[in-house]
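So this first bit is one chain, no partners, the form predicted alone, shown in structure tokens.
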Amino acid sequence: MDPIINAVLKPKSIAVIGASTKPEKIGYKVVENLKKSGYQGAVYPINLEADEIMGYKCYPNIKDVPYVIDAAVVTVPAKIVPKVVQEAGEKGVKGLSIITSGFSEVGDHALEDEVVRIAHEFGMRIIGPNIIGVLSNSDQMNASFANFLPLNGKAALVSQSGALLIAMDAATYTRRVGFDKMISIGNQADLEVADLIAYLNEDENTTCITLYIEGLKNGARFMEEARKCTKPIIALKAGTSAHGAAAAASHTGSLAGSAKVYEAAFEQCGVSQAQDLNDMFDTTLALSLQPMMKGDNLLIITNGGGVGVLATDAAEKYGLPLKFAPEELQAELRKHMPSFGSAKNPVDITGGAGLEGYYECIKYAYPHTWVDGMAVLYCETAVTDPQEIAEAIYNAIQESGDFSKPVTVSFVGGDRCEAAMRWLIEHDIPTYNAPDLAIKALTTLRKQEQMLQTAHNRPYKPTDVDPAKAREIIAAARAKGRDALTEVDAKNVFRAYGLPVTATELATSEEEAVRMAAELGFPVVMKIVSPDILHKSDAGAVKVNIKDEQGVRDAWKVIMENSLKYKADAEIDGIAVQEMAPWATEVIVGSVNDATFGPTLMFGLGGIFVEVMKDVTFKVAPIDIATAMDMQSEIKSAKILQGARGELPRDQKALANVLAHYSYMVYDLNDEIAESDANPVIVYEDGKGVMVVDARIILTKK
């Protein structure tokens, strides 16, 4: 654990720079909150005029304090912050929480950079600026201007939004979702989300980490720290509108958006993505209190057929469909329900079942080797007491002696159910007021376990590549002042990274085209090669299925004429003559350099699927073969690759190899490639491989 960050988040002494005697000022509120929260460390208000604030002795300057100071909370106006940071450094303060606003969030990046420079000169670290502060139940510390510490719990919240953190702080009491820590990080001028993931992973009071994210400074580092984290992470990402699409020069660029890339990154590094605030709270409740679900066998115990059916529907909807329980388990469960009950799954012990039915069924089923996770549902009835049922659930789990599996509960009813649910949550059992929420929580625990199994996979690095050759081709294009490669050059770059491309030659005259076509063998394809005409089909500059010499001559004339009509001043290198690959299933593979996460990989079926339906999936590059196989099953049209309507399955292993190699190419050349497409890529029957037919590479600006 970083001792400097520890001093900021768990300080033994705090100076409040800008402490105030006026209750309406933030500098007063911070001092007041430290006192109200029962903070046991020393508090030193820094105020030029006051002698004391709320019983704490004041000092005119932090350097006047005759004691060691771990951390300082800064509340002075922005223009004074560099001065007080300098003074804090000279005093030997280890870290700063800068509450003050007025920095990069309003466009003043220079002032923010200056503050960080000064802090680093003295070895200090900064949280903020533009934050609410830091709250910690285990340290009895409210070093913020939020009104109170959150409901005590086992999760930690890191939030970029200060106002939302204050609202979530209050909501912990109504939602009954507890947090040990709430940390506002604001502009992330110094310490960022990745730093706090690393810190909280070692914090003994944190069992899960919840993030509210508007943007990340360094996506690659975030993924690295998330992959290393042994605790579950939940992220609610705000601001998911598409970016860069208007200026995109490739299909991939037009389809990429921050939402898709963030979603891919979260999954790849084992982060559960919350869909909204309610989902964030619900997921935090489960992940902070329960272990991961190690297998797919979910057992539901209920006293109502209706909620049982709703739960069964939810299980299938969220990807964990129910299976019938083994006969041996069913036989035992039948002993504890009326004859008209059902032990299959869901286990319906009927509306008349009281605490004994719940207790006996749970006590036997919960530790059973077949069961990987359990949902217990209860509908309030006239003959049962919700509190008694809650206690029966808790006691049965405790007495089973097995705490390695997750259990969630749903009570549906009135005030008595609400009280019983609060009691269960206080005893570390996640409880929800709707059956689908209890099931969704369990499916999240299962998906989290599955993601963690793959999140630690090391990136793919093929050996059959020639980066030097690829960079030589790119350097030659840049020397000509080009910002994009011709198709011939792009294919040669692809070939240098082990991608199977169609044989393609550049003809600079009609006679040369005739000779090349004969050497390649008919039929052939002919396309314009021009850095000014990237979308060749739009220009009418592509001719396919050319079967003889006359066809080549005719195609040459038409392509040249159409190209000059499309762009009269186009720089034309010649016309590409390429072998015509046999047709099969078309797919598209592409990349775009994302501003946050760097090079990404896109995959989808070609033709109408990408042009109209936009049926594509993204990953952050590089990826391994297993992830490449997963990508093929993530698109809605996956069954076409698997073999549909009598068609033979496509060569998905060969396609996975292409995806992995392509991802490594864009990762390895991320300083050179801004966007790229292999479109179409033809995928043949299983065992017969794939072929890249067309290639496009847009270079980075330098």
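As the structure is a prediction and not an experimental result, all values here were calculated from the model. In case it trips you up, residue 1 is the first one in the sequence shown, and so on.
Only in words, not in the display: the form predicted in complex with a small molecule, which the text now covers.
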Review point. Just one of Thr504, Asn130, Gln290, Asn593 has a heavy atom within 4.5 Å of the small molecule in the predicted bound form. Which one?
Key: Asn130
Practice item. Could you check which residue among Ala331, Ala626, Ala163, Val558 gets a heavy atom within 4.5 Å of the small molecule in the predicted bound form? Key: Ala163
Study note, to complete from the structure: Within 4.5 Å of the small molecule in the predicted bound form, heavy atom basis, the matching stretch of 188-196, 383-391, 565-573, 80-88 is 80-88
Review point. Is Ile26 close enough to touch the small molecule in the predicted bound form, meaning at least one heavy atom pair within 4.5 Å?
Key: yes
Review point. Going by a heavy atom distance of 4.5 Å, is Ile46 a contact of the small molecule in the predicted bound form?
Key: yes
Check your understanding: Does Ile17 reach the small molecule in the predicted bound form if we count a contact as any heavy atom within 4.5 Å?
Key -> yes
Practice item. Using a 4.5 Å heavy atom cut-off, state whether Val524 contacts the small molecule in the predicted bound form. Key: no
